[in-house]
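Presented below, as structure tokens, is a lone chain in the form predicted on its own.
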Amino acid sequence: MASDKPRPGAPNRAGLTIEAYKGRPSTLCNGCGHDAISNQLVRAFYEYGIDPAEVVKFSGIGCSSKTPAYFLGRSFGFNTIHGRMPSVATGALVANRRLKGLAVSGDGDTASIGIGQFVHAMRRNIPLIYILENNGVYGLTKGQFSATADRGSRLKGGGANELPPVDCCALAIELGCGYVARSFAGDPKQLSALLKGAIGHRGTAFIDVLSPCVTFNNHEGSTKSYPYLKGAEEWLHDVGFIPYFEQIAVDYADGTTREIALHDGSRLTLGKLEREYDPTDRLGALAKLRASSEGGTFLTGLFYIHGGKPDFTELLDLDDEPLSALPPERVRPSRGAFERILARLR
């Protein structure tokens, strides 16, 4: 396979070295899964060749929402209030549709106080990569269960969770999200490929990343600990990503891979294991997630993809020039136009 992937340390397609994609040193706990996710974001954007100056980052409140400081330091970032990140992201990306949106949230920020915002972000198909750093607890407030904690999971102090979890992947598929995946912070190869696929997707790309909290949720009895996830993770398929700008030549046996065309012309190649799976089958994806949950395993991979949907900025029929760059006379109605609008509403 011929590839444009940069050699380690060499400039990429944007003429930048990997140093341009890093951020400040992390202040999270040593071994935190969120840092592993930040590292793969650095790698994915560097290898894909996206200029960090063209990326805008969003986050809410929580340990996960601190992480945008640790990657893409040259990108503009906005740390919003708790659970309200999707609204700010929507406004920014409507104002400047040329930016690449990247959102990082936690299970508390997304599945509890922000669940209403999450719902509408998924159904609107905002052009946004939405990463859920999922550890099942509120890390900043000493480890209480979050809404994604599995029933029967135990706290460090011994208390058990009796409530059913919110499955954000199933919810995203139900709401029409066109790119839905799950990965594990301890699986860098799979996570990197899924992130590159998300970069190449037009519309909302949602990735739920299981990311153990080493301080409050990494003990025996927790279903979000490193040992438990290592033993319970089940790969749906082997995932690789080939950007559209790479010239490829592959040699593979019939029936061993499936190639999916994304909306922008890029290709996502899935290597099959012993079972067949069609990630364009919405009902099949939901059935797989349900079976995995009932079986006590954590299914990872690309669950669902649909690349032909118009994104939110296209639905609004926005001008090609970003709204943020238009002069006042082009966005402010004249007195005559305003009076005609009012007359139609009387």
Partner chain sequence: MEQTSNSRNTGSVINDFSIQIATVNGSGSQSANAILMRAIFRMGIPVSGKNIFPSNISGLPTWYAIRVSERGYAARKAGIDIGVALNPHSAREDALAVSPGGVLLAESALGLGKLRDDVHCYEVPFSRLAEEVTDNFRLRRLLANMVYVGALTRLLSIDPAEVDAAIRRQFPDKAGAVELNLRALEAGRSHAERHLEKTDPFRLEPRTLTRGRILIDGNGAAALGAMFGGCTVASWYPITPSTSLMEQLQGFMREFRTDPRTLKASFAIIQAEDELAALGMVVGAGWAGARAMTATSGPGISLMAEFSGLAYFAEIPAVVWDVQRLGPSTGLPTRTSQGDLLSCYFLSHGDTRHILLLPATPGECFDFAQQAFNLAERFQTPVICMSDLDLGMNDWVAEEFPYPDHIPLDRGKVLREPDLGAMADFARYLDTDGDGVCPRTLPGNRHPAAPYFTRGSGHNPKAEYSERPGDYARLMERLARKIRGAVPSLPPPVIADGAGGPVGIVAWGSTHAAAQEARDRLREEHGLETGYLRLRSLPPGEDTVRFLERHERVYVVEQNRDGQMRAILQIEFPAAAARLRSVLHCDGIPVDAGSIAGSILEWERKGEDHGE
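All values reported here derive from a predicted model rather than from experimental measurement. Rigid core here is just the name for the largest C-alpha set that superposes within 1.5 Å across the two forms. Residue numbers count along the first chain shown, from 1.
Only in words, not in the display: the form predicted in complex with the partner chain, which the text now covers.
Residues 13, 17 and 214 are none of them found to lie within 4.5 Å of the partner chain in the model of the complex, as judged by heavy atom distances. Note on contacts: among 66, 306, 288, 43, the single residue with a heavy atom within 4.5 Å of the partner chain in the model of the complex is 66. When you look in the model of the complex, the only residue of 152, 116, 158, 164 with a non-hydrogen atom within 4.5 Å of the partner chain is 116. Comment: 314 to 322 is the region of 33 to 41, 294 to 302, 314 to 322, 279 to 287 lying near the partner chain in the model of the complex, near meaning a non-hydrogen atom within 4.5 Å. Looking at residue 148, you'd find every heavy atom of it more than 4.5 angstroms from the partner chain in the model of the complex. Within 4.5 Å of any heavy atom of the partner chain in the model of the complex lies no heavy atom of residue 100. Contact between residue 91 and the partner chain in the model of the complex is found at the 4.5 Å heavy atom cutoff.
The closest non-hydrogen atom of residue 75 lies within 4.5 Å of the partner chain in the model of the complex.
With contact defined as any non-hydrogen atom lying within 4.5 angstroms of the partner chain in the model of the complex, the contacting residues in 329 to 346 are 330, 331, 332, 333, 334, 335, 337, 338, 340, 341, 342, 343, 344, 345, 346, given in sequence order.
In this overlay on the rigid core, residue 25 has a C-alpha that sits less than 2 Å away from its partner position between this form and the one not shown.
For residue 325, the Cα coordinates differ by under 2 angstroms between this form and the one not shown after the core has been superposed.
When the rigid core is held fixed, the Cα atom of residue 15 travels less than 2 angstroms between this form and the one not shown.
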